[in-house]
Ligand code: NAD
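Quick heads-up: it's one chain on its own, the form predicted alone, in structure tokens.
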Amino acid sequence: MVSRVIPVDPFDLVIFGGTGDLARRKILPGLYRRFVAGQMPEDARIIGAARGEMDQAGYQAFVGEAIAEFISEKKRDAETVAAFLERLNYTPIDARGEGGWDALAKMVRKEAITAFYFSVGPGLFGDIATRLHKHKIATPESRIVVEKPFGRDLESAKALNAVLAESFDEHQIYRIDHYLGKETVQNLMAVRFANVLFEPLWNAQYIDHVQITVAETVSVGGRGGYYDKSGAMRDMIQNHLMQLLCLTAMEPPSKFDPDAVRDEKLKVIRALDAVPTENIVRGQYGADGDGPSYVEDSEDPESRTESFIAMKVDISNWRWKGTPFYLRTGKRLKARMSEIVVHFKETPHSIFDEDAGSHANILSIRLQPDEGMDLRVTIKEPGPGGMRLVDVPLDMTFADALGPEAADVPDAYERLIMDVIRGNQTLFMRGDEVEAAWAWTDPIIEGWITRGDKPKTYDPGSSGPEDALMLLHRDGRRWREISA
């Protein structure tokens, strides 16, 4: 199966923080892949902007090294790489001063689509936005892309929204969450809204519960100082897992339109109940032979920041009342895995003997690794031994179902950057959506700070604290096994 590549109009993309880690690992290699796919027009240009002194040739060499490191050899050849590097330029910039802005203004074309990627710390968002406006580099049709964290609480998120709004309208602001660019996340919407099979069953009458897991094997490592001011709640639940919950739980939008989709996601956030203390489990990984404990990584022996959190969340609306959503995420767990698992209820009455056992359908939507879906259905076990029931998967791993080319799906950043150029905000967060998420998150964090709760220690390579298992056991349920 050959994927259809939709071309875009000529553009100038300015990457602030163009020599940073995110640009080197994700943004620039992703743009190279789009170039190889034929999605970058002849006169598209990429301009790196950062503090360091560097000329065009130096930046081209820097990007060439990034491509060699992060793009497989079969996807690059000298001629193609050289052609891509010709699109690149660079200018030193002082984000908080006046140096470099006039030079940038001369580089950026007013007649092309202009997009500005803020691949920098959030403390610089306001400074860059203000100077783009002051130096008349941005036009009313320009777009800015801002990375998370978008605030660390409701107050700071409102302040950041206000600063950006001084220079840019809401339709120009693209708040990026790379989870929304994943192929399987978008397929979740396709499965729900393009198949009559699922949507009539997508409610509390037929779904017992939903589990959303984002597990990582890595520690906070060298990010210990930053992470200790954030924690799993701010770093993952408030944005990544919140977005997955919204797409799973939202009502069908009237059309696949940016504001129609985001309106429905906002309704889900506003319908979330406050989470009682007994429905929250926080943890910190301990030490083992492969690495230090969380408190050692954070360099604060008294740290009460969570590297793991599990929650039982309830949504008070007609569709979901009575069906809990269980969320969990953590560092130093047994495998790297991100998935949404929808557990349907058992049949109301079984016509088979007790020996047949109890069975329920399960839809698993895996984001990483091996993006794909499978639906577990109950069938008769083959053989003459009577009616014995077993559960088997109807597998839709992309590589198997759609061919090997489908397995080589674009990275989330590739897709989202191209959506910015097209002016499509469907997969980006709106300002009121961000604020609503913080309005729900803040009281939860304030609660455990006020109580002085201390996270539970868990073993690296495990599934998290034992208390997280009990969160489901007490409801007669079990977590899906964390596995690669």
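Not measured: the values here are computed from a predicted model. Residue indices: 1-based, along the sequence shown.
Absent from the display: the form predicted in complex with the named molecule. The rest refers to it.
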Counting only non-hydrogen atoms, which stretch in 273 to 281, 91 to 99, 330 to 338, 251 to 259 is within 4.5 Å of the named molecule in the predicted bound form? 91 to 99
So the named molecule isn't shown here. In the predicted bound form, which residue out of 192, 319, 366, 148 has a non-hydrogen atom within 4.5 Å of it? 148
Could you spot which one of 394, 360, 159, 124 gets a heavy atom to within 4.5 Å of the named molecule in the predicted bound form? 124
With heavy atoms only and a cut-off of 4.5 Å, decide whether residue 119 touches the named molecule in the predicted bound form. yes
Contact label in the predicted bound form: residue 25 to the named molecule, heavy atom within 4.5 Å: yes
Considering only heavy atoms, tell me if residue 454 and the named molecule come within 4.5 Å of each other in the predicted bound form. no
Using heavy atoms and a 4.5 Å limit, would one call residue 413 a contact residue for the named molecule in the predicted bound form? yes
Out of 190 to 207, which residues reach within 4.5 Å of the named molecule in the predicted bound form, heavy atoms considered? none
